[in-house]
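Shown below, as structure tokens, is a lone chain in the form predicted on its own; questions about how it binds or moves come after it.
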Amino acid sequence: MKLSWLLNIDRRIIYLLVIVALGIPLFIDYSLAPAPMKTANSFYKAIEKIAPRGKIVLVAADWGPGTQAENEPQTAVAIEHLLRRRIPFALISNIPFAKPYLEQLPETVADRLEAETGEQWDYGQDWVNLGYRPGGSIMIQGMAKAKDLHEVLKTDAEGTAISELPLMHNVRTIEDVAMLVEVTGSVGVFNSWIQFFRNDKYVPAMVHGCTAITIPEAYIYYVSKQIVGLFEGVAGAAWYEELLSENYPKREKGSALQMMTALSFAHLLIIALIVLGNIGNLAAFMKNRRKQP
């Protein structure tokens, strides 16, 4: 049987197969069990240690459409955990493209939790949106060194004075921030937070969500204990969803687990294509060898 044709498969067929592999689990609502992630476990435990209604958590959603597929599920599960535990948080970003997500994501998660539990979460009381803040590392240093964050931040994303938001009444310095949750797919952004969001007396606990391609760089911070938790790509968010579902049985299945399942199907397809390609190469090699005198 001639197998050399495997070397000449039209790339459009390969693209179509990848689309089918990605689409099947999404359309039939099928999910594989996620792989346990030690780093996501640490992330979960770190949030569990924060006292409800105490200090706030600062969620830096430094991502946009380019890394939405991985960073949005990571941010969503972190926000969900904070809302469930009634830990107040403020959203902020160094990335201008993050603006619509800062507005939409907490409201979407809160609406889902309200439908599930019958409880209510309110803007200004449970979370605030500080919006996009230009300046990068200069902005971060300004917040870290501020003697009064009300004077530095002034207003939320809608122009409401910080002093008018109940959640921010007792938030005056970096020492009123229990934890920084930083999620990004951009190179160098997290480095600025971990380097400058501190002062001589205080360093908040830090956790991080990164895209799969930057895991090796991010893992260094976890091993060195500069961060106490890490989302390793969408796989980290998928395992975090599993942890949330174990502790909140009525919870609906989230998007991270479905996305991870779709990626797993696509990875299996790619492995199969690699195997077929090597079979085709072997067949072509044997054919050429037989022709030699």
Partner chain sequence: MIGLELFSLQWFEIFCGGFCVLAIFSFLAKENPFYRIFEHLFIGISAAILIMEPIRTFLWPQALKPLLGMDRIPFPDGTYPEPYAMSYLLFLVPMGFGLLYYFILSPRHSWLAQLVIGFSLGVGAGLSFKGIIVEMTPQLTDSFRPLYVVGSFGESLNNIFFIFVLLTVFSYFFFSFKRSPNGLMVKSSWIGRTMMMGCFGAFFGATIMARMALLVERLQFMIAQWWPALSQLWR
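Only a predicted model underlies this, so the values are computations on that prediction, with no experimental measurement involved. Positions refer to the first chain, counted from 1.
If you look for the form predicted together with its partner chain, you will not find it shown, but the lines that follow are about it.
Where, among 136 to 144, 82 to 90, 107 to 115, 173 to 181, do residues come within 4.5 Å of its partner chain in the predicted complex by heavy atom distance?
The contacting stretch is 136 to 144.
Report yes if all three of Glu70, Gln195 and Leu263 come within 4.5 Å of its partner chain in the predicted complex by some heavy atom, otherwise no.
Checked in the predicted complex: all three residues contact its partner chain.
How about Glu217 - does it come within 4.5 Å of its partner chain in the predicted complex, if we only consider non-hydrogen atoms?
Glu217: contacts its partner chain in the predicted complex.
Verify the contact flag for Ile19: yes if a non-hydrogen atom of it lies within 4.5 Å of a non-hydrogen atom of its partner chain in the predicted complex, no if not.
Yes, Ile19 lies within 4.5 Å of its partner chain in the predicted complex.
Using a 4.5 Å heavy atom cut-off, state whether Phe97 contacts its partner chain in the predicted complex.
Taking the distances in the predicted complex, the answer for Phe97 is yes, it comes within 4.5 Å of its partner chain.
Just to confirm, Ala161 within 4.5 Å of its partner chain in the predicted complex by heavy atoms?
Flag for Ala161 set to no.
Can you tell me which bits of 228 to 247 touch its partner chain in the predicted complex, meaning any heavy atom within 4.5 Å?
Contacting residue: only Ala235.
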